[in-house]
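Below, in C-alpha coordinates: the form predicted on its own, a single chain.
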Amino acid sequence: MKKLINDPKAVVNESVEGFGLAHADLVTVHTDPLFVVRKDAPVQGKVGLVSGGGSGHEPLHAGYVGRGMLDAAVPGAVFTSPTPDQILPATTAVNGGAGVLHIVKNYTGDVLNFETAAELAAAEGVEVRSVLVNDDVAVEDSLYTAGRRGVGGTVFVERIAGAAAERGDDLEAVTAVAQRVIDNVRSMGAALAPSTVPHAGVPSFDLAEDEIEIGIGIHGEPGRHRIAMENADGITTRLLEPITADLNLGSGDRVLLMVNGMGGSPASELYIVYRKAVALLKERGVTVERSLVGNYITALEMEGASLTVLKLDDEMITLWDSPVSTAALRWGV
(Lines give C-alpha, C1' and ligand atoms only; values in the text may rest on other atoms or scores of the structure.)
Protein backbone atom coordinates (compact mmCIF):
# COMPACT_ATOMS: atom_id res chain seq x y z
CA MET A 1 0.00 0.00 0.00
CA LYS A 2 1.36 3.40 -1.04
CA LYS A 3 -0.62 6.39 0.17
CA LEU A 4 0.09 10.00 1.10
CA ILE A 5 -0.76 9.47 4.75
CA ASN A 6 0.96 9.48 8.13
CA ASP A 7 -0.87 7.26 10.59
CA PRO A 8 -3.70 5.16 9.07
CA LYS A 9 -5.74 5.85 12.22
CA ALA A 10 -5.37 9.62 11.76
CA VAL A 11 -6.32 9.85 8.08
CA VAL A 12 -9.81 11.31 8.54
CA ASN A 13 -8.89 13.85 11.22
CA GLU A 14 -5.82 15.09 9.38
CA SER A 15 -7.68 15.24 6.06
CA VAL A 16 -10.59 17.21 7.51
CA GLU A 17 -8.18 19.54 9.29
CA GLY A 18 -6.41 20.20 6.00
CA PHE A 19 -9.75 20.72 4.27
CA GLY A 20 -10.68 23.34 6.86
CA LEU A 21 -7.39 25.17 6.41
CA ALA A 22 -7.73 25.16 2.62
CA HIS A 23 -11.31 26.45 2.66
CA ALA A 24 -11.38 28.65 5.75
CA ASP A 25 -13.41 31.22 3.81
CA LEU A 26 -16.24 28.70 3.40
CA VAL A 27 -16.28 26.38 6.41
CA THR A 28 -15.45 25.93 10.07
CA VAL A 29 -14.17 22.56 11.29
CA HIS A 30 -15.13 21.30 14.74
CA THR A 31 -12.75 18.61 15.95
CA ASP A 32 -14.31 17.15 19.12
CA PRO A 33 -16.58 15.70 17.92
CA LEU A 34 -15.66 16.00 14.25
CA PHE A 35 -18.01 17.86 11.91
CA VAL A 36 -17.87 20.70 9.36
CA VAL A 37 -20.26 23.69 9.15
CA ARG A 38 -20.58 26.60 6.74
CA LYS A 39 -18.73 29.69 7.91
CA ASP A 40 -21.86 31.71 8.69
CA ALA A 41 -23.79 28.95 10.48
CA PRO A 42 -26.39 29.09 11.81
CA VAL A 43 -28.24 31.21 9.26
CA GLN A 44 -31.23 32.62 11.09
CA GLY A 45 -34.60 31.83 9.53
CA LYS A 46 -33.15 29.34 7.03
CA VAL A 47 -33.70 25.58 7.01
CA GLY A 48 -30.43 23.87 7.87
CA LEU A 49 -29.24 20.93 5.78
CA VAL A 50 -27.06 18.22 7.32
CA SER A 51 -25.61 15.17 5.63
CA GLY A 52 -22.72 12.84 6.24
CA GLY A 53 -21.36 9.35 6.01
CA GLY A 54 -18.16 7.42 5.89
CA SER A 55 -15.06 9.22 4.68
CA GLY A 56 -13.32 8.11 1.51
CA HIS A 57 -15.99 9.54 -0.82
CA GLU A 58 -14.55 13.06 -1.10
CA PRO A 59 -15.62 15.64 -2.09
CA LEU A 60 -18.83 14.17 -0.61
CA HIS A 61 -19.89 15.48 1.92
CA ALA A 62 -17.68 18.27 3.30
CA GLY A 63 -16.94 19.56 -0.19
CA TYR A 64 -20.60 20.50 -0.52
CA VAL A 65 -20.83 22.63 2.62
CA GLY A 66 -21.55 26.27 1.81
CA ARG A 67 -24.05 28.67 0.33
CA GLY A 68 -26.66 26.87 -1.77
CA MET A 69 -25.91 23.36 -0.50
CA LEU A 70 -25.21 21.87 2.93
CA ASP A 71 -24.99 23.72 6.21
CA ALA A 72 -23.07 20.86 7.84
CA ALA A 73 -21.31 17.63 6.95
CA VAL A 74 -20.47 14.85 9.39
CA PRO A 75 -17.54 12.59 8.38
CA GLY A 76 -17.24 9.11 9.83
CA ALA A 77 -14.20 6.88 9.66
CA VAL A 78 -13.35 5.57 6.18
CA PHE A 79 -16.40 3.75 4.80
CA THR A 80 -18.02 3.91 8.27
CA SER A 81 -21.05 5.88 9.43
CA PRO A 82 -20.61 8.92 11.66
CA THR A 83 -21.94 8.53 15.19
CA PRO A 84 -24.94 10.24 16.79
CA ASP A 85 -22.64 12.23 19.07
CA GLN A 86 -21.21 13.85 15.91
CA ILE A 87 -24.53 14.28 14.09
CA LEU A 88 -26.37 15.87 17.04
CA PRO A 89 -24.02 18.85 17.57
CA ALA A 90 -23.80 19.39 13.81
CA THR A 91 -27.59 19.54 13.73
CA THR A 92 -27.90 22.00 16.59
CA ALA A 93 -25.03 24.11 15.22
CA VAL A 94 -26.93 24.84 11.99
CA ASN A 95 -30.38 25.29 13.50
CA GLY A 96 -31.44 28.83 12.63
CA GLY A 97 -34.95 28.41 13.97
CA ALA A 98 -36.54 27.05 10.78
CA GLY A 99 -35.75 23.39 11.39
CA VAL A 100 -33.17 21.02 9.97
CA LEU A 101 -33.30 18.47 7.15
CA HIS A 102 -31.12 15.35 7.38
CA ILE A 103 -30.09 13.97 3.98
CA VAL A 104 -29.21 10.33 4.60
CA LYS A 105 -27.71 7.81 2.19
CA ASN A 106 -29.38 4.41 2.49
CA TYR A 107 -26.81 2.46 4.46
CA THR A 108 -27.83 0.74 7.68
CA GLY A 109 -25.37 2.54 9.93
CA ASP A 110 -26.17 5.95 8.48
CA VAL A 111 -29.91 5.39 8.83
CA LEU A 112 -29.74 4.23 12.45
CA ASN A 113 -27.31 6.90 13.61
CA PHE A 114 -29.11 9.78 11.91
CA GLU A 115 -32.41 8.54 13.36
CA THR A 116 -30.92 8.52 16.84
CA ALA A 117 -29.47 12.01 16.39
CA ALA A 118 -32.81 13.32 15.09
CA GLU A 119 -34.59 11.98 18.18
CA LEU A 120 -32.02 13.61 20.46
CA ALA A 121 -32.30 16.91 18.57
CA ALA A 122 -36.08 16.81 18.85
CA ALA A 123 -35.69 16.41 22.61
CA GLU A 124 -33.70 19.65 22.54
CA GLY A 125 -36.48 21.43 20.68
CA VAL A 126 -35.07 21.23 17.13
CA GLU A 127 -37.53 20.18 14.43
CA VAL A 128 -35.83 17.62 12.20
CA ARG A 129 -37.03 15.97 8.99
CA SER A 130 -35.16 13.27 7.09
CA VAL A 131 -35.01 12.03 3.52
CA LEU A 132 -33.42 8.77 2.41
CA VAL A 133 -31.40 8.69 -0.81
CA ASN A 134 -31.65 5.30 -2.54
CA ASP A 135 -30.79 5.87 -6.18
CA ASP A 136 -28.57 2.86 -7.00
CA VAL A 137 -30.37 0.60 -9.50
CA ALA A 138 -27.64 -2.05 -9.37
CA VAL A 139 -29.05 -4.10 -6.50
CA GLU A 140 -32.00 -4.17 -4.15
CA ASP A 141 -29.96 -5.32 -1.16
CA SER A 142 -26.28 -5.22 -0.28
CA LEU A 143 -23.84 -5.86 2.52
CA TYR A 144 -24.49 -2.39 3.90
CA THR A 145 -28.21 -1.79 3.57
CA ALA A 146 -31.73 -3.06 3.04
CA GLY A 147 -33.01 -1.75 -0.26
CA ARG A 148 -31.20 0.36 -2.79
CA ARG A 149 -27.99 2.11 -1.84
CA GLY A 150 -27.58 5.87 -1.78
CA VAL A 151 -24.85 6.94 -4.19
CA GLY A 152 -24.36 9.70 -6.78
CA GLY A 153 -27.91 11.03 -6.53
CA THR A 154 -26.95 12.38 -3.11
CA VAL A 155 -25.05 15.21 -4.81
CA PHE A 156 -28.20 16.27 -6.68
CA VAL A 157 -30.37 16.09 -3.57
CA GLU A 158 -27.93 18.19 -1.56
CA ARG A 159 -27.63 20.78 -4.32
CA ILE A 160 -31.30 21.21 -5.22
CA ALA A 161 -32.64 21.00 -1.66
CA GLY A 162 -29.84 23.32 -0.59
CA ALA A 163 -30.89 25.84 -3.20
CA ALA A 164 -34.50 25.65 -2.02
CA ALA A 165 -33.41 26.29 1.56
CA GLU A 166 -31.21 29.17 0.44
CA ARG A 167 -34.10 30.94 -1.28
CA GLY A 168 -36.12 30.75 1.93
CA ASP A 169 -38.41 27.73 1.49
CA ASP A 170 -39.76 26.31 4.76
CA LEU A 171 -38.89 22.87 6.13
CA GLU A 172 -41.90 21.15 4.58
CA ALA A 173 -41.13 22.60 1.14
CA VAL A 174 -37.40 21.80 1.30
CA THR A 175 -38.19 18.24 2.34
CA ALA A 176 -40.68 17.91 -0.51
CA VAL A 177 -38.26 19.07 -3.19
CA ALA A 178 -35.55 16.78 -1.80
CA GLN A 179 -37.95 13.86 -2.02
CA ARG A 180 -38.93 14.81 -5.57
CA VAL A 181 -35.27 14.64 -6.59
CA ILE A 182 -34.92 11.24 -4.89
CA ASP A 183 -37.99 9.95 -6.73
CA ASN A 184 -36.54 10.97 -10.10
CA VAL A 185 -32.83 10.14 -9.83
CA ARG A 186 -31.06 6.85 -10.53
CA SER A 187 -27.40 5.74 -10.59
CA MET A 188 -25.21 2.78 -11.46
CA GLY A 189 -21.44 2.29 -11.37
CA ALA A 190 -18.65 0.00 -12.51
CA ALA A 191 -15.26 -0.82 -11.02
CA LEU A 192 -12.17 -1.59 -13.06
CA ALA A 193 -9.95 -1.99 -9.99
CA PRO A 194 -10.56 -1.92 -6.23
CA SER A 195 -9.57 0.60 -3.60
CA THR A 196 -7.56 0.05 -0.42
CA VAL A 197 -8.89 1.25 2.92
CA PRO A 198 -5.91 2.75 4.82
CA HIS A 199 -6.38 0.87 8.09
CA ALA A 200 -6.91 -2.42 6.22
CA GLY A 201 -3.88 -2.13 3.97
CA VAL A 202 -5.19 -4.55 1.33
CA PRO A 203 -7.65 -4.10 -1.56
CA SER A 204 -11.29 -4.22 -0.51
CA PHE A 205 -12.11 -6.87 -3.13
CA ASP A 206 -10.34 -8.90 -5.81
CA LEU A 207 -10.63 -8.44 -9.54
CA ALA A 208 -8.60 -10.29 -12.12
CA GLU A 209 -6.67 -8.19 -14.63
CA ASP A 210 -9.26 -8.93 -17.32
CA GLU A 211 -12.36 -8.50 -15.12
CA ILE A 212 -14.63 -5.62 -14.15
CA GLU A 213 -17.51 -5.39 -11.68
CA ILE A 214 -20.79 -3.97 -13.01
CA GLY A 215 -23.02 -2.32 -10.42
CA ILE A 216 -20.37 -1.78 -7.77
CA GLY A 217 -21.14 0.11 -4.56
CA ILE A 218 -19.11 3.05 -3.28
CA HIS A 219 -17.61 0.88 -0.53
CA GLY A 220 -16.58 -1.91 -2.87
CA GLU A 221 -19.77 -3.90 -2.40
CA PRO A 222 -20.45 -6.40 -5.18
CA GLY A 223 -22.73 -5.41 -8.02
CA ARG A 224 -24.95 -7.17 -10.51
CA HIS A 225 -22.27 -9.28 -12.12
CA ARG A 226 -18.58 -9.63 -12.89
CA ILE A 227 -17.67 -9.69 -16.56
CA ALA A 228 -14.66 -9.64 -18.85
CA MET A 229 -13.22 -6.20 -19.51
CA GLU A 230 -14.82 -4.41 -22.44
CA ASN A 231 -14.54 -1.00 -24.07
CA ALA A 232 -15.90 2.27 -22.70
CA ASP A 233 -18.96 2.32 -24.96
CA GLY A 234 -19.94 -1.18 -23.87
CA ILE A 235 -19.56 -0.37 -20.17
CA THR A 236 -21.49 2.89 -20.56
CA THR A 237 -24.35 1.07 -22.26
CA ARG A 238 -24.49 -1.52 -19.48
CA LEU A 239 -24.71 1.23 -16.85
CA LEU A 240 -27.19 3.50 -18.61
CA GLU A 241 -29.77 0.96 -19.80
CA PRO A 242 -31.00 -0.02 -16.30
CA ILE A 243 -31.19 3.68 -15.35
CA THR A 244 -33.26 4.70 -18.37
CA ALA A 245 -35.54 1.69 -17.91
CA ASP A 246 -36.08 2.44 -14.22
CA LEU A 247 -36.86 6.10 -14.91
CA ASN A 248 -38.93 5.20 -17.98
CA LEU A 249 -37.13 7.90 -19.93
CA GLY A 250 -38.49 8.75 -23.34
CA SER A 251 -38.89 11.39 -25.99
CA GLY A 252 -39.20 14.90 -24.62
CA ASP A 253 -37.67 14.17 -21.22
CA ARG A 254 -34.96 16.50 -19.92
CA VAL A 255 -32.21 15.26 -17.65
CA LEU A 256 -29.23 16.22 -15.56
CA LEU A 257 -26.43 13.76 -16.33
CA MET A 258 -23.42 13.13 -14.13
CA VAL A 259 -20.47 10.98 -15.14
CA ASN A 260 -18.70 10.50 -11.85
CA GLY A 261 -15.20 9.18 -11.36
CA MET A 262 -14.69 6.71 -8.52
CA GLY A 263 -11.32 8.27 -7.69
CA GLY A 264 -8.79 6.50 -9.87
CA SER A 265 -9.89 7.12 -13.46
CA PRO A 266 -8.65 10.16 -15.40
CA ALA A 267 -10.93 12.87 -16.73
CA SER A 268 -10.12 11.87 -20.31
CA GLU A 269 -11.79 8.49 -19.75
CA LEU A 270 -14.81 10.04 -18.03
CA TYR A 271 -15.43 12.25 -21.05
CA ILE A 272 -15.40 9.19 -23.31
CA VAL A 273 -18.13 7.73 -21.10
CA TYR A 274 -20.05 11.02 -21.20
CA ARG A 275 -19.84 11.07 -25.01
CA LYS A 276 -21.52 7.68 -25.27
CA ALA A 277 -24.11 8.40 -22.58
CA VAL A 278 -25.25 11.54 -24.37
CA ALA A 279 -25.54 9.63 -27.65
CA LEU A 280 -27.61 6.86 -26.03
CA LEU A 281 -29.95 9.38 -24.42
CA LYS A 282 -30.32 11.26 -27.70
CA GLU A 283 -31.41 8.02 -29.37
CA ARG A 284 -34.29 7.92 -26.88
CA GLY A 285 -35.22 11.53 -27.56
CA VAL A 286 -33.89 12.61 -24.17
CA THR A 287 -32.21 16.02 -23.86
CA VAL A 288 -29.25 16.51 -21.51
CA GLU A 289 -30.02 19.96 -20.08
CA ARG A 290 -27.27 20.06 -17.44
CA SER A 291 -24.23 17.93 -16.73
CA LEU A 292 -21.32 17.19 -14.41
CA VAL A 293 -18.18 15.25 -15.33
CA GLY A 294 -15.52 14.56 -12.72
CA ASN A 295 -14.95 13.17 -9.24
CA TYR A 296 -17.99 14.05 -7.11
CA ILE A 297 -18.58 10.92 -4.99
CA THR A 298 -15.57 8.64 -4.93
CA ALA A 299 -14.44 5.40 -3.37
CA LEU A 300 -10.86 6.34 -2.45
CA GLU A 301 -8.70 5.41 -5.46
CA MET A 302 -11.06 2.91 -7.07
CA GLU A 303 -10.78 2.86 -10.85
CA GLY A 304 -14.13 3.15 -12.55
CA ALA A 305 -17.11 5.42 -13.01
CA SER A 306 -20.78 5.81 -12.24
CA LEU A 307 -23.65 7.39 -14.12
CA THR A 308 -26.36 9.40 -12.39
CA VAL A 309 -29.43 10.67 -14.25
CA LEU A 310 -32.07 13.02 -12.84
CA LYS A 311 -35.33 13.57 -14.72
CA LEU A 312 -35.73 17.35 -14.55
CA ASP A 313 -38.62 19.76 -14.25
CA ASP A 314 -38.53 23.55 -14.56
CA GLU A 315 -38.18 24.17 -10.82
CA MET A 316 -35.28 21.73 -10.51
CA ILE A 317 -33.43 23.52 -13.31
CA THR A 318 -34.01 26.91 -11.68
CA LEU A 319 -32.74 25.62 -8.33
CA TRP A 320 -29.74 23.87 -9.91
CA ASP A 321 -28.73 27.07 -11.72
CA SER A 322 -29.02 29.32 -8.65
CA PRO A 323 -25.81 30.49 -6.95
CA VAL A 324 -23.73 27.93 -5.10
CA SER A 325 -20.44 28.44 -3.28
CA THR A 326 -18.77 25.31 -1.90
CA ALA A 327 -15.32 23.79 -2.20
CA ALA A 328 -16.48 21.33 -4.87
CA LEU A 329 -19.29 23.18 -6.69
CA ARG A 330 -19.29 26.91 -7.34
CA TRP A 331 -21.15 29.05 -9.84
CA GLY A 332 -23.29 32.19 -10.01
CA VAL A 333 -21.32 33.99 -7.29
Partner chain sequence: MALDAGWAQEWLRAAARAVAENRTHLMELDRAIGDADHGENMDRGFAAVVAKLDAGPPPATPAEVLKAAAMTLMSTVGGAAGPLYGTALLRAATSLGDAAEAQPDAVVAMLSAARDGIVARGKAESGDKTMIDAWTPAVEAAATAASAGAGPGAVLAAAANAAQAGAVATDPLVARKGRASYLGERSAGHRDPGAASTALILAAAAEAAGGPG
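Numbering follows the first chain given and starts at 1. These figures come from a predicted structure and were not determined experimentally.
Omitted here: the form predicted in complex with the partner chain. The next part is about that form.
*Please state whether every one of the three residues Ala77, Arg149 and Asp206 places a non-hydrogen atom within 4.5 angstroms of the partner chain in the model of the complex.*
Yes, because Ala77, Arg149 and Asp206 each have a heavy atom that approaches the partner chain to within 4.5 Å in the model of the complex.
*Counting only non-hydrogen atoms and a 4.5 angstroms cut-off, does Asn134 reach the partner chain in the model of the complex?*
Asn134: no, not in contact with the partner chain in the model of the complex.
*Would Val139 sit within 4.5 Å of the partner chain in the model of the complex, counting heavy atoms only?*
Yes, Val139 sits close enough to the partner chain in the model of the complex that at least one of its heavy atoms falls within 4.5 Å.
*Counting only non-hydrogen atoms and a 4.5 angstroms cut-off, does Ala200 reach the partner chain in the model of the complex?*
Taking the distances in the model of the complex, the answer for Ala200 is yes, it comes within 4.5 Å of the partner chain.
*Indicate whether the partner chain has at least one heavy atom within 4.5 Å of a heavy atom of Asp169 in the model of the complex.*
Judged by the heavy-atom cut-off of 4.5 Å, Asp169 is well away from the partner chain in the model of the complex.
*Consider the chain as shown here, without its partner, and state which of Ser130, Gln179, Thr237, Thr108 has a heavy atom within 4.5 Å of the partner chain in the model of the complex.*
Exactly one listed residue reaches within 4.5 Å, namely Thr108.
*Have a look at 181 to 189, 115 to 123, 89 to 97, 154 to 162 and name the one stretch with heavy atoms inside 4.5 Å of the partner chain in the model of the complex.*
Contact criterion met by 115 to 123 only.
*Between 304 to 326 and the partner chain in the model of the complex, list the residues on our side with a heavy atom within 4.5 Å.*
Contacts from 304 to 326: none.
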